[in-house]
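For reference, the chain that follows is the form predicted alone, supplied as structure tokens.
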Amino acid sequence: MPPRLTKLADSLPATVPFIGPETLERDRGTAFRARLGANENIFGPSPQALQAMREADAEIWKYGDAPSHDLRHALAAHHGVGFDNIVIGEGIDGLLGYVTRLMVEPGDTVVTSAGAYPTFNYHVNGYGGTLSMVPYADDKEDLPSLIARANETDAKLVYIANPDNPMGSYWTGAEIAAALDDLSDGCLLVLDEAYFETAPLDATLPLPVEDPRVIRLRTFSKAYGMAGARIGYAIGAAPIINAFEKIRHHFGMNRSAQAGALAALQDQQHLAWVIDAVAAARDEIGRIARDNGLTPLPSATNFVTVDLGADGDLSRALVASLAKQGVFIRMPFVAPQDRCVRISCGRPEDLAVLEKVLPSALAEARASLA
């Protein structure tokens, strides 16, 4: 007899939101020369974080501290909030799963953007929620329409990433705060701020942490360069944060990763260096794109989305052609944004590889569609 899955689990496809670069490398039989598709921080974490993790590894036989006491206190002090306003999770991906588990029952409506971060959709589907999709407007998540759709559908959650992945655009914090005044009671705005550190200052949400209408998600995966450590955190009103204790995996946080994140947070000098390096890389990607007749879109993130001026067929062809030449990039998956490709910021040597192979890859992609 096969295992007796729940009806919901049995109805879902066995899939992952993204095919990882390691899987792609195994399929192609060799490593990529330039890994510019996963929005990782290729500049790396703070040396202090690496040292802290090496030292913590000596006690890896111990479970991690269940409440992440030291890291939570440090984050609370860093953001000027209370200890009870912070919860640690297994990256933003894990926290999105917890938020969904807390709020969504089978049949509940959840509003998001068509083409936005698919891992959120994965969790909503996994808990039986009903996704209501709102198209992008002018290559930007349509915040007013998201709020309106949430009100129309009596949604439990409405999700927006700010800055946005995959387009790199952003709303000001003041604009988001104003939009919340129109959100129906009982709906929670899930504000994914994975790229917060690389965004302009006016992206900061000017609302008190105890505002019950919003929960903010942050990560050490991007600017802090610790994607493999899986450390994220949520900032929110104490009653919302306390509810995570009902369902979260209390010993899910890696002990060494907790130590590394604490050390990374304390090394703001390295973070500032990374932010400068990301800005320089964005400029270089933009130059390379323009030199090839392409249009880089404004970006508040650690990647640049490049408009190819055609459609999704050309984007897919270019992604495949670049992969053959050892350069890993991605693309948005929903039209009309699929006319673009997304290129993560990299070191000068990574972008030199991109610059060298892009003209021939672009020619090959166009020829394949002729």
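Just count from 1 along the sequence shown to find any residue number. Everything quoted here is computed from the prediction, not taken from an experiment.
What follows is about the form predicted in complex with another copy of the chain, which we do not show.
With the partner left out here, another copy of the chain still marks one of 173-181, 287-295, 271-279, 103-111 in the model of the complex; by a 4.5 Å heavy atom cut-off that stretch is 103-111. The partner is absent here, but in the model of the complex a heavy atom of G94, alone among G115, G94, G129, P163, sits within 4.5 Å of another copy of the chain. Against another copy of the chain in the model of the complex, the set Q337, V353 and A361 makes no contact: no member has a heavy atom within 4.5 Å. Interface membership of P332, defined by any non-hydrogen atom within 4.5 Å of another copy of the chain in the model of the complex, is ruled out.
Of the heavy atoms in R218, none are within 4.5 Å of another copy of the chain in the model of the complex. Within this chain, P348 is remote from the site of another copy of the chain in the model of the complex, having no heavy atom within 4.5 Å. Using a 4.5 Å cutoff between non-hydrogen atoms, N254 counts as a contact of another copy of the chain in the model of the complex. If you take 329-356 and check each residue for a heavy atom within 4.5 Å of another copy of the chain in the model of the complex, you get nothing at all.
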